[in-house]
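Only one chain is included here, represented as structure tokens and corresponding to the form predicted alone.
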């Protein structure tokens, strides 16, 4: 079922009486990147996915977004559904949102899943790169940026062996409002570091990464996992930065097993 909460396009699946999982997509995608997770897990869990402000079918407005605004959006969904101890799962930019949300409201969550993401905020070089991307979109258009950026998120074998998936993702990324895409870049540029918070995470945590991830490679993600007490760590074979899309069966098994072992027993 689709709902509108705080101008956001929100979708719910499964039985609300079951353990809730809230999925937060990466950049520059929308809620459909979690389709394979929804398909497999909705019979066992209550699933909530949504389009981050400015992307997909959510409200774009003036495109002046901050990471704190994204966190407030997420909490508005959780509060509107009155979710009890949901598991929060974020990929890449969704991971930034998840980490900052947990930093602010850890007691409201039953578990955390971090996919292909990082805790560090942008350094000066990173900020300049995001500024260059905004300029590229302004000058050359969104499609030019997508053609140069998104292919690097996939493992090479995904592009060759799952061409329909790859082409579909490229098409969806190009369909966004450029103003909303630039707003996400501004929000990521504005985010604070959550590195020092990692050892303070007390809820069950699963860290996942694609074996061929170029943006947040396995050694980086392993270091993150080691900073979070008693976290679990998994490397998805045959996947790049988009493990839930590229190797959904591995990711789904990891999520299901993690929640069964660590979250349901605790709650």
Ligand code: MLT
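Here the structure is a predicted model, which is why all the values come from computation and not from measurement. Positions refer to the first chain, counted from 1.
Unshown form predicted together with this ligand; subsequent notes refer to it.
At a distance threshold of 4.5 angstroms between non-hydrogen atoms, residue 188 is in contact with this ligand in the predicted bound form.
Among heavy atoms of residue 240, none comes within 4.5 Å of this ligand in the predicted bound form. Using a 4.5 angstroms limit between non-hydrogen atoms, residue 154 is distant from this ligand in the predicted bound form.
Proximity of residue 93 to this ligand in the predicted bound form falls within the 4.5 Å heavy atom cutoff. Stretch 24-32 is the contacting one of 40-48, 201-209, 223-231, 24-32, since its residues have non-hydrogen atoms within 4.5 Å of this ligand in the predicted bound form.
Taken together, the three residues 11, 53 and 77 all stay farther than 4.5 Å from this ligand in the predicted bound form, as judged by their closest heavy atom. Though this ligand is absent from this view, in the predicted bound form it lies within 4.5 Å of a heavy atom of just one residue from 130, 108, 162, 174, which is 130.
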